[in-house]
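Here we start with a single chain on its own, the form predicted alone, put down as structure tokens.
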């Protein structure tokens, strides 16, 4: 490769990198629900700041080294028509080499210090705020998330409710294989490792719905292992909490009664419904299922049509999931499915 082609390659690489930086900085370019460029909490903001700090230091280093590289290629290139000869080799300058080593070490320190500070910051809730923190245990299953509030006596699935402006201390575990907990607008990723407890914290500075995802390949439906974080003001959170602590609503119609009867003939082996004989621990707690926005771990909107399909064809809706009616000897007619849908919709 001659000197001109090398220069062209460097210029093209620099142009592409420039486009990337422009995309990062351009308003609205990367503000999707899974974009870490939008920081809606202090942990996400700290991580975003470290990211950009590292990018600018790296850009400075790339421009500096690249400029010297291009200058050397141009300055010492072979002249057209000149006889090529290998130049006399020499050791070089020890002072220059030492200076470059020292400069490289200093740049590493410049990058390492803010990164280390951010790591310690995101590791645990600041000391002065620990008393107001809410503890949540997030347990990854194939392929859904269980959320326990040990100090509040509540367990739910796939939709994590939190109060705005309060730190959430998350204890991350796995019930089976390796998973990873990620809510990009609120915090970075943290792995859920079998037999190990990892910890992190985050906080939502404004009310809203934040999307989360498992980011560690965990099997057939890894891409379908999603969840929501619902940030609400204190009054709404307390109302949700009071409702979650109640037993499930009793069936109020003949169809709902029939649905509960069918549920207790097999679904109860895997699912729990508080206040009934359903004490299953394999699948999500369904005590207040009708109050959730989604089903199938954040994949489908929670409506009658999707719920009926989920009951009839769980493996088509979400390949590999553990819901298999044949294993509990359940054969459902369309009327049975309608009754189950009516019962589950009563669990608010």
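The shown structure was predicted, so the numbers you read here are calculated from the model rather than taken from an experiment. Numbering follows the first chain given and starts at 1.
Only in words, not in the display: the form predicted in complex with a small molecule, which the text now covers.
Picking from 236-244, 193-201, 212-220, 142-150 the stretch near the small molecule in the predicted complex, with a 4.5 Å limit on heavy atoms, gives 142-150.
Only one of the listed residues (260, 158, 180, 174) places a non-hydrogen atom within 4.5 angstroms of the small molecule in the predicted complex, and that residue is 158. Using a 4.5 angstroms threshold between heavy atoms, residue 327 counts as touching the small molecule in the predicted complex.
The shortest heavy atom separation between residue 323 and the small molecule in the predicted complex is within 4.5 Å.
Contact between residue 271 and the small molecule in the predicted complex is found at the 4.5 Å heavy atom cutoff. Using a 4.5 angstroms limit between non-hydrogen atoms, residue 292 touches the small molecule in the predicted complex.
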